[in-house]
Structure formats: structure tokens, C-alpha cells
Ligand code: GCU
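The chain that follows stands alone, in the form predicted alone, written as C-alpha cells.
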Amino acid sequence: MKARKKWTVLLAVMLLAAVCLAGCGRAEQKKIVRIGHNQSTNHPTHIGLAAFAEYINEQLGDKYVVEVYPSELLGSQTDMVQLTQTGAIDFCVASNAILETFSKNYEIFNLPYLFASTEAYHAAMDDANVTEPIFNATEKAGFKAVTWLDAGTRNFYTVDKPINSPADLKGLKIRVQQSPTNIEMMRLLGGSANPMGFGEVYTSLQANIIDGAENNEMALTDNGHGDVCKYYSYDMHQMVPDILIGNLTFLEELSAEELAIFEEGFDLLNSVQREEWVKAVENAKDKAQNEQGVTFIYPDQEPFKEACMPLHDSVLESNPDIQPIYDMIQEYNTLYPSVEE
């Protein structure tokens, strides 16, 4: 595994070097701004990033050329975060779970049932008072977050056993993101956490190494998990954003005027990606149900929520710095309660 990872990073660096040599002549010494992500070209994230690239190229095309690399062309998310740290690339989309390893502040977004509703989730994430202390917490690591991207709700899906309550998870091996918070969540729910990279999930499901996973609806269709897993249960245990991070040196070297335009571009990316997300979820559900034969289940969420709440207490106790952020989110939960409430 270590050898394969080193080879992946080496290939990414070689690709970047080749692109740079070709791009320097093509762009006549313009700065090539490279953005990497792990989704397909029809994913809302890529569509949003394409809109961002077009906007920056229109506004600052005399100096910058933005290029978007989808589908892990520049390596895994972990690889791309490291490349963004060093400045080998300028931006990448990272999962919140990966960023938790750089700053404990990010663990707040991994808390199960942190947000009472999608409306509370969006309102809190749009509040700079909530996000900035977290987004800026990785500056010492050489990067910072510049905007968030909607990744919907995370739910359990399984090969052949429907999940109607936490008791149904007992004895099941469930893939989770590589985060201590997610591993503890599965322990509290009674399942067996199997942390692994997202790219390994499909073959692990096929080979019965795991019994299921947890993710949004797009995993069923874009990544083919619905070809193997036939039950998708809306327990809605997490609403975890994906994060666009930028190399700190690159951001700090932008002039005030250039930074303002990039920030307008980040807002555009956020807006387009969220609009596309709504359409993509509807399409994914339709395809999963009618083409892949996936059954959607809507269990009572309260037993799942009750089992997970001790995790809130333990995380806040171990990291009191995030208590004010947690309290602000609770205010949004009061303003935008769940429909069930």
C-alpha cells in the first residue's frame, strides 16, 4: 500500500511537471492555477468548479489560467491536500474527515446529527462567524479553506440487509471515512467501522469485505455502489460539507483586487454547486430506484440520534474551543427545526 501511494504521488508530480512545460508555452507565462478533485465531470462539484474557472479566466485571463482536474487525476484526496500544502497545485476539494487530521476544529462538522435540518445546515455554513475559525485553523499547515460545498446527507446503504434501526447495524461491517469521530459514531450505533479510502469501497462491497457503507445518494449511481447495495436507509446521521482549500502562499500573493475577484468566484462556485446538487440528488434517486433496483427506506431517526448524542459531549469536552461554534449552530437549529419536530 505504501509503495502504491508513493507511485501515485510520483505520477501526479510527473503529470504536473509535464502539464507545466506544455502550459507555460501555451499560456505565454500566465500563471496556471490548478484545482484537483475526486469526482466525475458530471458531478455538481465539477460543474461548480468549471463555472469558477470560466469566471476567473474571463476576469483575470491576462494573468491567470484556471485548470480543473477531476477524477483523482492528480492523486487521491490525501495526495492532493499534500500537493496543495506544498504549492505544487493551488486548490483542491478535500473531505472534512481528511481536514480533521490537520485541525481538531473540523471534527465539529463530523458530529452526527449536528444540524437539525438542511436549512439549518446551509444557514450555519453561510455564516462566517461559524466557519472562519475553522477554515483558518490550518494556516500553519500551509493552506486554508476558501468555501464549502454541499455533500448532502450521509445515510447507510447495505448489500442485503435493510437498516430500520440501530439494532440492524449489529454485526455489520460498514465503511466509514477515515476519521476518529466516524469510527466512534459506528461504535455507538452498534456496527463495526471499517475506515478505508473511497476508491476501495466498490470492490470491497463486491468481495463481501464490508456489508455496506454510508454516503449520499450519488455514491449509488456515480460510483456504482447501487449495483451491489440494494437498500438505502435515510437515517440522515450526518450533513458534512466538502471543503475547497487553497495554498496559503498563493492566496497571500494575490493583490487586493485579484483576491476580491477570486472571492467572487468562490461565491459563484458555492452557488452553482448547490443548485446542481439538488438536481443531481433527484436524478440519482430516480436512477437508483428504477435502474439499479435500490429500495429506499425512511426509518425513525430518533433512535439513531439518541445513540449518537454522547459523542457530542465527548468531543466538546476534549475540544472546548469549538463550544462557541457549536452554540451558534444550535441557534440555527432552533430557527430551522426538522420537519418531524
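Throughout, we count residues from 1 along the sequence that is shown. Remember, predicted model here, so these are calculated numbers, not experimental data.
This next part talks about the form predicted together with this ligand, which is not shown.
Inset, instruction - Indicate whether this ligand has at least one heavy atom within 4.5 Å of a heavy atom of Tyr231 in the predicted complex. - result: Output for Tyr231 is no: heavy atoms all beyond 4.5 Å of this ligand.
Inset, instruction - Answer with yes or no whether Gln292 is in contact with this ligand in the predicted complex, where contact means some heavy atom within 4.5 Å. - result: No, Gln292 stays farther than 4.5 Å from this ligand in the predicted complex.
Inset, instruction - Spell out, yes or no, whether the shortest heavy atom distance between His237 and this ligand in the predicted complex is within 4.5 Å. - result: So His237 does not count as contacting this ligand.
Inset, instruction - Answer with yes or no whether Leu169 is in contact with this ligand in the predicted complex, where contact means some heavy atom within 4.5 Å. - result: No.
Inset, instruction - Work out which of Asp242, Asp227, Glu100, Glu184 lies within 4.5 Å of this ligand in the predicted complex, going by heavy atoms. - result: By the 4.5 Å heavy-atom cutoff, the listed residue in contact is Asp242.
Legend entry - Sole residue of Thr138, Asn110, Thr158, Gln177 within 4.5 Å of this ligand in the predicted complex, by heavy atom: Partner contact (heavy atom, 4.5 Å) among the options: Gln177.
Inset, instruction - Just one of 32-40, 304-312, 279-287, 52-60 has residues with a heavy atom within 4.5 Å of this ligand in the predicted complex, so point it out. - result: Selected range: 32-40.
Inset, instruction - Could you list the residues in 213-231 that come within 4.5 Å of this ligand in the predicted complex, counting only heavy atoms and keeping sequence order? - result: Read in sequence order, the residues that approach this ligand (within 4.5 Å, in the predicted complex) are Asn215, Asn216.
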